[in-house]
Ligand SMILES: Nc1ncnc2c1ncn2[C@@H]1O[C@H](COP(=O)(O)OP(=O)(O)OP(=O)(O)O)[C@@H](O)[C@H]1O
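Here you get one chain, nothing else, as C-alpha cells; it is the form predicted alone.
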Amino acid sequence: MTHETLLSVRELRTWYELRKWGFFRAGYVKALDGVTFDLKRGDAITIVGESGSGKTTLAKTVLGLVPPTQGEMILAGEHLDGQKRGKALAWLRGNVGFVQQDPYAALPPFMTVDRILREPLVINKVSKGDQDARIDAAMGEVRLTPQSDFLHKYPHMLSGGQQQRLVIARAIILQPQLVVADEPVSMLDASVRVEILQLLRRVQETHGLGVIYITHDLSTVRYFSEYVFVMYAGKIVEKAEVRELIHNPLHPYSQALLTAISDPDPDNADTVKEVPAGEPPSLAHPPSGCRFHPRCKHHMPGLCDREEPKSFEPTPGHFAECWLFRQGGTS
C-alpha cells in the first residue's frame, strides 16, 4: 500500500438552486458546504451521518453526476470540474466505480448477467476476448460461481446478496482506481451484510482501490475502513482513524451517533440513551456559526452561534470542527 494521494477534495460546495413559481430564484440548498479531505491510494474511508447530512450528494459529486458549485477535486492528477465531456467523461467513468444502495433497482431487469457486465466493456471498446476474460474474473472475485450458472440469469432470478455481488462486479469490471459505495448493505438481510462488506474489502485490497464507503450505520464501520469522516449538515465535523473515533469520539454529534448504536446486551435494555433534541437544520437556511449548536448541550452562546469553527487537531491525526477544542491548534 502506497501513501500516494488518489483523490484530493478542497473546499467542495454543491448547492442546489431553489426556484419560486418555476422562474424566480429563491436561494440554494447547501447540501455540501466546504468539504475538504484526501484519500490515499489503497485506503478506504467511511463517511457517516444521518439522512440529509450530504453523504449522497458527496458521492454524486465525486461520480460526476452532479457538478460542484465551488471547490476542487483531483483524481489521480486529473481535475474533476463537473463539466467533463467526451473522452474526459469516459476517463472518469472508467476510473470511478459505483456500488448503489438498492441492487435490484440498480440492475436493468431486461438484461442478463452477461449483458449487464458486458455493456460497460462494449461502451469502452474492450476487445471481445478481453471482455470474456474480464467477466469471468470479476464474477470469480465476487463469488458468483460457477459463472456458467449465472450468465444467462436475469436480476429477479438472483437473491439480494447475489444481486449486490453483481453490482460490485459491474463496479470493478473496468478496473477503476476509485469505488464509491453508497449504503451498499442497507437493503440486505443482516445475515449477509458483513459478508458483502468483507467481499468489498477483499476486492479493495486485491486491486489497491481507493474506496469511499457511505453509511448512516456506525456499527458496520469497523469491518471496512481505515478512516471515518463524520458529516453533519453539509460539513465534515470530525475525521479520525476508525479505532480512535469509535473509542474516543470528540465532536458532540459523533458522540450522539455512537450512543444511538443498538446494544444487543439485554442487561442494558432499560438504559436511557442521551440523544440530541431537535431535528437536523434546513440546508436552505442553515444556522449561523456551528451548524450543530441548536442541538448541542455544550453550546457556548456568543461563540458557537456566531462563528463557524475551524478544524482543530486535539490529538495527532484526529480532527474536530468544534470550539470545545480551540486550544488544540488548527489543521
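Values in this document were obtained by computation on a predicted structure and should not be read as measured data. Note that residue numbering begins at 1 and tracks the sequence as displayed.
This next part talks about the form predicted in complex with this ligand, which is not shown.
A residue is said to contact a partner when one of its heavy atoms sits within 4.5 Å of a partner heavy atom; Thr46 fails this definition for this ligand in the predicted complex, lying far away. This ligand in the predicted complex is approached by Gln101, whose closest heavy atom lies within 4.5 angstroms of it. In the predicted complex, this ligand lies farther than 4.5 Å from every heavy atom of Leu39. In the predicted complex, no heavy atom of Gly64 sits within 4.5 Å of this ligand.
Site annotation in the predicted complex: the residue of Glu183, Glu141, Asp114, Glu244 reaching within 4.5 Å of this ligand with a heavy atom is Glu183. At a distance of at most 4.5 angstroms from this ligand in the predicted complex, all three residues Ala31, Ser53 and Leu283 contribute at least one non-hydrogen atom.
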